[in-house]
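Each of the two blocks below gives one form of the same protein chain as structure tokens; they are labelled structure 1 and structure 2.
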Structure 1
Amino acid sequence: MEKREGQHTQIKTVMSSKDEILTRIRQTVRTRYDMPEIKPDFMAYGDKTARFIEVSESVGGRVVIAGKGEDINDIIRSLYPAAKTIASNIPEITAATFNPDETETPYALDGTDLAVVRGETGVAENGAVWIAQNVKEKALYFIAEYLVILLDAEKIVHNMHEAYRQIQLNDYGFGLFISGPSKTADIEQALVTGAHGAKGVTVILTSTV
């Protein structure tokens, strides 16, 4: 019996910070509040694509609709005629000058003029595109001077509630919403694009139909 008590005190003295924090919370919380019922069945935009384009442009992005039978590579070349190093791991993107997945380290991606990647879900309310990491090094999304995201026009949802019901992470364990180019207003609130990431982002809407 005595021995047991002794053991108990010993455990107490070596209580980890984790246990200390959790114990303190358990001791201090007086009222436990219920989770509110969340029913996000809001605003069906009449035209999701139109709203997506409008908001994307308002945040400094650009949206191009690929016409039926139009070659995406032609669109890319005409949008970025000066791009010399174009990275893409999408087989159909023949405009690419290299496959970023074949580089050894993320550092080798420095100097990429343009990256072409695929987006999964577009969000009409804020012009964001969800990408679950689909290149070997996520650095590509940020280090390329310009970014092109291919998005199936059918994959545009109304809002973030809808988006979060759909999105998933894969084995890379990283994913993000991108809405327009990298930007800052840290100097006198003057908006400047191209803070650290892409100086420009173009979403090319494709149609599978």
Structure 2
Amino acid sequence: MEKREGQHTQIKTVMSSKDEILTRIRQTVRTRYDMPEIKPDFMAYGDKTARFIEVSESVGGRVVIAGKGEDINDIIRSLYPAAKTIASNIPEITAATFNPDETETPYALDGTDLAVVRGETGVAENGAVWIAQNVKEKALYFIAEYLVILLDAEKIVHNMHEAYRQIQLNDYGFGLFISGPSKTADIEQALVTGAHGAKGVTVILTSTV
């Protein structure tokens, strides 16, 4: 108990020293300047969808545009005919073999061949898709062998600045950007995909601009 009290006192002392230093700095500053006005000149593209597809494919991903009236489930089955365990909690994904939200622990997701999830915003600048956690266990995004992201093409923005203005977290309080499959490289420049997550990512655009 005495040790904890001593530690607490030490932390308070450090914080007090920091405040004292900052106070002295403020007292010695004679000239103050207003914050500069920032005029954004961010990346913009004539065709956001085309740019998104180009960059996604350049980082190892794949983009498929669903035709009008085309069944998403048929697309998924044709892209991943060997997938035996397909996870999705999206009602219209009848190709799913189980609902990941019905699993008791994230460990039960081990062995998932394919996960189908919904993306919120696509970014033309870097091919990334923002996903606000929409499954019970966020481990699904990383443990599945392959990942399919459903994205409305009308929700593709030019750059990350626009994307961040649209980001909203839900009750889970977690979200992430995914751009292509998981990748890592060592000092010998050997690139490995799927090291920390899905080894293949397909974005299906469910409508065109």
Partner chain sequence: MSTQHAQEAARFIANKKQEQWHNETLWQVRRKRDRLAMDIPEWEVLREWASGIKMHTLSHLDRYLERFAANAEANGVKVHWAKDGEEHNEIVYGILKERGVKKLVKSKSMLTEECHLNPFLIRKGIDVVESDLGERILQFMDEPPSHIVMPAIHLKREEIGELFEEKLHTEKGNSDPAYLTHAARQHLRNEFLTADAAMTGANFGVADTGDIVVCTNEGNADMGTSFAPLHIVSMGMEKLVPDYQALGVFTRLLARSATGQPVTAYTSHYRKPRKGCEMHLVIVDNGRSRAMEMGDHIRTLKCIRCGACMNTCPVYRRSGGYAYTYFIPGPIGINLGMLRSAETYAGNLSACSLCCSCNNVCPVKIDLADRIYAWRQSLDPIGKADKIKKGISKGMKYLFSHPSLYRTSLKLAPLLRYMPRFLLYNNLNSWGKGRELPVFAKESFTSMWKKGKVNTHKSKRS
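Just so we're on the same page, residue numbers count up from 1 along structure 1's sequence. If you're wondering where the values come from, they're calculated on a predicted model, not measured in any experiment. If you superpose the two forms and keep the largest set of C-alpha atoms that fall within 1.5 Å, you have the rigid core.
Asks: Does structure 1 or structure 2 depict the form predicted alone?
Replies: If we ask which form is the one predicted alone, the answer is structure 2.
Asks: Superpose the two forms on their rigid core, then report whether the C-alpha of Q166 is displaced by 2 angstroms or more between structures 1 and 2.
Replies: Result for Q166: no, shift under 2 Å.
Asks: Once the core is superposed between structures 1 and 2, does Q27 show a C-alpha displacement of at least 2 Å?
Replies: Yes, shifts by 2 Å or more.
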